[in-house]
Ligand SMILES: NC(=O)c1ccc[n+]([C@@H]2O[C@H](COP(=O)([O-])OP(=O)(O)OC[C@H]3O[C@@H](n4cnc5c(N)ncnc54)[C@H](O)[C@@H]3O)[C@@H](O)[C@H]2O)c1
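Before any questions on how it binds or moves, here is one chain, the form predicted alone, in structure tokens.
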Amino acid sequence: MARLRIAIAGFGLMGREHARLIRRHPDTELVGVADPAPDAAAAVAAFDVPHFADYREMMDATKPDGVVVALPNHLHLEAGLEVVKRKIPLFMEKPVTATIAEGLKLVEAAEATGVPMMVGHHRRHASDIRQARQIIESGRLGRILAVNGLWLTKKPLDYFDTAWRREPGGGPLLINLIHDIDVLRYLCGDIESVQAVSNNSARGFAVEDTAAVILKFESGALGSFLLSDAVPSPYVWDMAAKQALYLAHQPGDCYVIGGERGTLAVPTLHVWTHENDGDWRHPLQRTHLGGLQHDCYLAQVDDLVSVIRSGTKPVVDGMDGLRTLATVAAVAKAAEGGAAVTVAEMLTPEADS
């Protein structure tokens, strides 16, 4: 079977990673890259594929089977609509769009034309996350009551040489928490409402560096999440799960999911229960339920191949990605005002105003 022809719009950090993954995967080939940046042509030349300044020209010239959009967030809507207009399957890097209103417009366009659209929340493709979901769905933990998450790491100062990372929208809520929120939604179900506080005391930039979040799931479970991009720690999924593209592996856990019968730690996949399904009067026992690990980024390409060839539903489709974005937007709004914010109220075109 011929390899699928994939083109990329945007050749920054993630665009180049997608190019490497497409080249590594046995079922895909890179056929073109579009990026108008002055240094893009030289970077694309290393992959020996055509370079275009305009992604429209690229799509019309290469006639790809699928397009990866890895442009800056504010360009996601425009580029996504151009891909959908050409009826080409679309892979959109997270977040699905810069705003909720834009996301609703793009999702509606994709659904109206029948164009498959997947969103780049790579952690759902990881073996530990998938196994965790299987453990939860098996009933081994009982009804989920309490959820806790951590994302604590220290970004280097030169990371903030890029101006937009010092401004609202460039902090760990939208860049990092969005992945954890997506994982918690995948494992424990949709989130109904959130409360949050944040500050910028570590660096004094206009954007947050630390935040604490309270989550209320639609199931009735309650959760908390603490994050900071100014704290050295191993409590970050990419490091703990050995899935980081650039960071050293440090085994540990960053999610704890508690049910009436037991508690699951992720990504180690240790389950804690009392003997004989008892209570604190009975000794605790730990069972390791982890299996083989695979590269979540290559597994994400597997999903793209399946979507294009077989028409399967994406692991994360446009509406799913939009709901994750709306949940993070609710966190940001709650941190500004102090009151609880529902996700439903954010899923409207007026939510961004």
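In this text, residue numbers run from 1 along the sequence as written. Quick caveat, the model's predicted, so the values are computed rather than measured.
Omitted from view is the form predicted together with the ligand, to which the following refers.
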Practice prompt. Check whether Leu304 has any heavy atom within 4.5 Å of a heavy atom of the ligand in the model of the complex, and answer yes or no.
Written response: no
Worksheet item: Is there any non-hydrogen atom of Gly120 lying within 4.5 Å of the ligand in the model of the complex?
Response: yes
Item to complete: Report whether the minimum heavy atom distance between Arg185 and the ligand in the model of the complex is within 4.5 Å.
Response: no
Worksheet item: Is there a heavy atom of Gly139 no more than 4.5 Å from a heavy atom of the ligand in the model of the complex?
Response: no
Worksheet item: Which one, Ala34, Leu325, Val316, Val67, lies within 4.5 Å of the ligand in the model of the complex by heavy atoms?
Response: Ala34
Discussion item. Looking at heavy atoms inside 4.5 Å, which stretch does the ligand contact in the model of the complex, given the options 271 to 279, 153 to 161, 88 to 96, 205 to 213?
Written reply: 88 to 96
Practice prompt. Within 4.5 Å of the ligand in the model of the complex, which residues of 1 to 38 have a heavy atom? Give them in sequence order, or say none.
Written response: Gly10, Phe11, Gly12, Leu13, Met14, Gly15, Ala34, Asp35, Pro36, Ala37
